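Following this are structure 1 and structure 2, which are two forms of one protein chain, each written alone as structure tokens.
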Structure 1
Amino acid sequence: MSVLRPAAVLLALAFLLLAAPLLAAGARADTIHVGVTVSATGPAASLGLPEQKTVTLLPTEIAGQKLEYTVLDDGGDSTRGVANMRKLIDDGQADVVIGSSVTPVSMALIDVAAEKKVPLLTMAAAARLVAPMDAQRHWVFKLPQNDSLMADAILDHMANHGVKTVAFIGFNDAYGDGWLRETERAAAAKGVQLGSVERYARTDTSVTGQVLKVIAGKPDAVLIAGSGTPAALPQKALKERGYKGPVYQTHGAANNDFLRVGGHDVEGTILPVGPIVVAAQLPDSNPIKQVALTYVHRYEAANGAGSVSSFGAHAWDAGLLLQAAIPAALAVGKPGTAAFRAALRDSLEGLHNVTLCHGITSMTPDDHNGFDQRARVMITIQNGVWKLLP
């Protein structure tokens, strides 16, 4: 008997743990359940962690309806992401799902969103998440700016500053692939010649070979397509090998750890970012300034000064979109019903001129991102801080 007892207790506990969400869900039929799956661990943790922390700051009541958030971690793994989303919808009765942090996982979630007919707000960047628009992507909305918007901004800046040839060093993954495609397109449009194209991995400890080849080609400028601190590695190597020309980075590099790791070697880097990164430097006439500063203050009050990143702002923007879209959807159906979810999707698609931290969005049936050139600014690094370029 004494051997059996712990087993019995464990079984009872397991049963309670499994059953609790179901029982609880039944008791709260008219709250809006928001499911969140982020990559809070794994290679994309520097994106997923601030997103996860931001979710705790999202509104808990919209138009008199309580909102409840359930956050799961997918570790940047597509299989876990899909399992999370099914769990959030089947067990947690999610009416809308926010996630995931990276493109590969979000791509896998598209099918689930379409199958379950639940709107998905993704915080991953690739344009192909919402384009070309089809029956699957009908349910997907994307918060970060399209790469094409950012690539146009970079090539514009190059063309205006007399750059004739550009070399490319990018991640050896989907991020680098996407940027290479966009750079080729934008460079052709602006008449800038794309020189040597080199690739490296996030975990590489040396990029000497790539950098030597780039320098041998004598380009006017170098574009580095990486995200977070690994984007600093080629730039430091370029500096070490005596490259003097301008270096461009993508918005993926725009976090404070990039500055910490890059140090003096990244001074003068030019990159496009969402306005949130330099919110305090925006002119007062820019409506984004107020919205972005509100988020910065809320986040830093909870997590300490200087902790804010542009990635977490995507989660905040998801909250802003919900705040704008939910009232209209409530008029159509009760939370938890298929009618409410469909109405919420329609309402999201009809949003017009909503000001977010990252820009001003106007969704259309064909454009589920909705950002225009107001969603990016060009910045540089001066004395170790981001500086808005005029």
Structure 2
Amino acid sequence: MSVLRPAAVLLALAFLLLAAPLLAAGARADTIHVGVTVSATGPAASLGLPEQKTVTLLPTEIAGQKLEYTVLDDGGDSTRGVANMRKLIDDGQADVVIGSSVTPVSMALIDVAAEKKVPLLTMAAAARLVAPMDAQRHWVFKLPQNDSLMADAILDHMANHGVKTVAFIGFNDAYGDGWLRETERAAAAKGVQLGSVERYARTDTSVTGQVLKVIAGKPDAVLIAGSGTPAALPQKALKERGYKGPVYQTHGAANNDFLRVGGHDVEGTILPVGPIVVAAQLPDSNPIKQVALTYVHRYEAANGAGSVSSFGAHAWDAGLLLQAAIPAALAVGKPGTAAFRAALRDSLEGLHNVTLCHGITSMTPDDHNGFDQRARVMITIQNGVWKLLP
């Protein structure tokens, strides 16, 4: 047996100390770190929980590179969301961040994405998250359909069904702001008069005052601009107060928790949604159908029959975008480097005709959502389930 002399031992230790950072860098270069911040608790939990559960189904390897996901809960709070994103990037070395679930939090993340030069895939709906394009939004890509696309669908349906006046009840935050702006625009284009405009907080437990004002205006229809279970509150109040006209919701209401909380009071609701919500009802010729059904089957196999949500599908679509964009980015730089992150951003922006659960996207430097009319269908609630409208 040979015995190392003290000098040799010191030399060996020095080599190991010098090699450790290189070994760590080599291990790091084989792993793409994906940070995720969702609203898994709080008033938007019905959005964030299915997104959180979907992350466990996302690919763990793309183009020969391992992917690791770190998921944090922001509770729908912007301050927590910003802290989460900084932690994911600074401590977790995230190459890309997915989140958040709601517009107010996602709006706060835009500046962090630009500062850190890390791509952000937001699962919130407001069009102004990605438009107008500027230096900050340069790093942001959006999974849900723009509220402008969905507002056009709603007002088209209203105009085609004789609605002349519509009242608006929406969240008193960035989500409601965006929907009010788009409703005003689309209503004017379709010759529909916008009457009463009322707002409420996601955490409110009563909207009686707002509903009484809406009913007093005798609108032909009411549009509720909310998301998740809080979107049911105004509709239940309208029903209790005897309102008989049609009620429209935004795609933010399209989950089973809304059906559960709304019960009989939301029967007949009309809303635009991504094709995923009624995937089984789509014609076989629709190219989105099989992609959407794949997610439905995977999610329900893990979480139970009937558990799938359109919001979880946004997280699944984030995974599909990464599968399409990562190979080109790897040709430019290694994970964990500024070159890789910039190349990933560029690759996402260059994606064309990528089929997702919610539509077919073609990104451009000015459009970081990329959806067209194929990303929406009109549905109603019939006997407690979603029903595709002609």
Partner chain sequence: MDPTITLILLQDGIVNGAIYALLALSLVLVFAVTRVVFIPQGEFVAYGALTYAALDAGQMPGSVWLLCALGAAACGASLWTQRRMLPPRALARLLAGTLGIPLAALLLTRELAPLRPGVLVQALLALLIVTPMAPYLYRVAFRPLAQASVLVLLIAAVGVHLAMGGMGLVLFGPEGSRAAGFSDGSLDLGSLTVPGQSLWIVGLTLALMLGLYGFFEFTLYGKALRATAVNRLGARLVGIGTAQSGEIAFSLAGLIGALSGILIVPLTTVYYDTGFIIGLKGFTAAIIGGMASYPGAALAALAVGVLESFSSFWASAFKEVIVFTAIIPVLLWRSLRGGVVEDEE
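Bear in mind the structure is a predicted one, so any value in this text is a computation, not a measurement. What we label the rigid core is the largest C-alpha set whose atoms superpose within 1.5 Å from one form to the other. Numbering for residues begins at 1 and runs along the sequence of structure 1.
Source of structure 2: the form predicted on its own. Glu300 is not among the residues whose C-alpha shifts by 2 Å or more between structure 1 and structure 2 once the rigid core is aligned; its shift stays under 2 Å. A displacement of 2 angstroms or greater separates the C-alpha positions of Gly226 between structure 1 and structure 2, with the rigid core held in common.
Think of the chain as two rigid blocks: between structure 1 and structure 2, the small block swings through 9° with respect to the big one. In the rigid-core superposition between structure 1 and structure 2, residue position Tyr200 carries a C-alpha shift of 4.1 Å.
On rigid-core superposition between structure 1 and structure 2, the C-alpha of Leu259 is found to move 2.6 angstrom.
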